[in-house]
Structures are given as C-alpha cells and as structure tokens.
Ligand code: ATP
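Taking the form predicted on its own, here's one chain by itself in structure tokens.
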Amino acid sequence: MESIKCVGILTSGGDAPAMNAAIRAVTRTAIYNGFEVKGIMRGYKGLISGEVIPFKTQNVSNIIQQGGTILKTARSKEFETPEGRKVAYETMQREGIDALVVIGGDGSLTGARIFASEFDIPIVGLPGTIDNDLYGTDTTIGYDTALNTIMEAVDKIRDTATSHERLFFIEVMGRNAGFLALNGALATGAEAAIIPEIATEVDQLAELIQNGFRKSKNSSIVLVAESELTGGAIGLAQRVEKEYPQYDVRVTILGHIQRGGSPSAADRILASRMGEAAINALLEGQRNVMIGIQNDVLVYVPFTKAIRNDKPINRDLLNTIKILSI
C-alpha cells in the first residue's frame, strides 16, 4: 500500500451507463485519500499507445448524469499478446502509475487478471456491463439502466403489436446471459422470455406454442436473448414462419440503444459506491479483486471467481412470467 502513489483508471470493452459515475467516484475518492490519478484513454489500447491524461477533480465534474464513458473504450487484440501487455506495463512505469482500476465486463477483467499476474500489479475491477453476467455480484453497473431502456421500448412496441394482432420477437442484448431478457419480460408483461441458460434443456419456442400463449390475447410479445443458443429473434421468426405459419410474426432488434442514455438513479448510486470501494480496497492492500454487491453489501470477489464461474439465473421467474401471462 505504501508503494502506491498514483492510480490509473480505464474503461474497457462494451460501454455501459454509469461508467462515468464510476470514473467520477474513483477519481475523487483517490484524490481525497492523497493519490495522484491518471485517466487512460481507450482502455488497454490506450495503455499500450500511451494515451494517459492527469486527472483532477474538475476532470470529472458534471459527468455523473452522462451515458457512455469520457475515457472512451476500445477492444485491443494487441493486449491479448504477451508483447502487448509488456508495452502496456512500460507505459505504466513511464507514467508512474502504481495501481489500476479497470471498469468493464468479463473480457476486461480477464485481461486484468492476466496482466496483474504477469507484472505483479495491484488491480481492482468494477463490473461495468449491461449483461449482468459477472459472478459474485447481484447486479452490474449499467444493467438497471439497460433494463429500463428495454422496458420503455417494449411498452411502445406493444401498442403496435396490439393494433395489428401480431406476435413480436424482441431481441435484447446479454450475450450468453438471459438476465435482460428474463427480467425485461417480467417488467413489460411479456408472454415469455427465451434465454440461453435453458436452451439445451427444452425447445422453448415449441413449448411456447404448445402452451397456447394466445388463447386470451390478441397480441403477444416474447423477449429473446441474442445468444446463438436461442437462435436469436430472426432465427426464431424463421422457425415460426416455417413451422407455425398461422401466426403473423415480426422482429425487433433493440441493439445498441440498450447501451446508451443517462444512467438511472440505481446505477448512479451503485457506480458511486463501487468507485469509492475500489480505492478503499487498494488502501486495505487488496489486489486482483472485483468489487461486487451482495444483499446491498459491497464485497471483494477474486477475479478468478468473477470471470470463471457462471452466474445463475432465477429460474422461478420463468414460471412467474408464465403464470402472469395467462
């Protein structure tokens, strides 16, 4: 701990709402505790190319309400190589950066774990991803805002679905995790959620049709996670046209609208708490951990647990959706 005088911050991978709130919290907590702070532009790519900016408290003024990330983000193939990571470490030495706070998802924290082990660097991760797929935390930074964006979009689509008596497949993000689809379906009163976690166990489309999901309704909305395991909304629509041609089916892919927008209150609060906790972790001598939240208590989760363990979904919610959609 005594050797840490300067903390670097970077955001990596896909952007998520409230990343800026996290940057603000890390910066100001670090300065409050006497650290120098340096912002690293464009994630690991910027660490390799030397895009490093000294950060003062005014650098993070008026950003808590902004979506995206003022540090920008990028994916770096070069950082995946030992040679690239060596160049990144040389940048840290040249800039006098003693520890890193990495804000990102599974891939970003995987890179952090490897980097930390190779060069013995104290790194603390913050779970910044709308997918909510990191083990050891009840929720991730950006997930609540993305969920609210999905809810608002589906509410609008339902007006058209009802007017035209159609079946809509709405594809949401989440990669191989069904949290956005599952909780989005529950929040919007959708008839079903098709998620990757159970895709190998049951034919979810056939089950949906066989359950007679339109007996009492003139329209239906089904949320689909974007995973290859589900087939995606387009794949499912093609199956319906071929196997169940009596249904008039439409597809909406929400896409990157889910990543943008001003973060919700819940995300701003979560990011602020986690950002402060990241610096507190360094003060306590913690390293190679992700800040998580469990039952509203902040916890330290080793990188190996956060990225290697699959986060379970609440399967009871599938039954809740089924019951409430009659």
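Numbers for residues come from their place in the sequence shown, where the first is 1. Computed from a predicted model, the values in this text were never measured in an experiment.
Keep in mind the form predicted together with adenosine-5'-triphosphate (ATP) is missing from the figure; the text below concerns it.
The three residues 168, 220 and 247 each lack any heavy atom within 4.5 Å of adenosine-5'-triphosphate (ATP) in the predicted bound form. Residue contact check for residue 187: none of its heavy atoms lie within 4.5 Å of adenosine-5'-triphosphate (ATP) in the predicted bound form.
In the predicted bound form, adenosine-5'-triphosphate (ATP) lies within 4.5 Å of some heavy atom of residue 129. Taking the partner from elsewhere, residue 80 is found to have a heavy atom lying within 4.5 Å of adenosine-5'-triphosphate (ATP) in the predicted bound form. Using a 4.5 angstroms threshold between heavy atoms, residue 107 counts as touching adenosine-5'-triphosphate (ATP) in the predicted bound form. Site annotation in the predicted bound form: the residue of 139, 91, 76, 176 reaching within 4.5 Å of adenosine-5'-triphosphate (ATP) with a heavy atom is 76. You can rule out all but one of 109-117, 230-238, 146-154, 199-207: in the predicted bound form, only 109-117 has residues with a heavy atom within 4.5 Å of adenosine-5'-triphosphate (ATP). Of the residues in 7-32, those that come within 4.5 Å of adenosine-5'-triphosphate (ATP) in the predicted bound form through at least one heavy atom are, in sequence order, 12, 13, 14.
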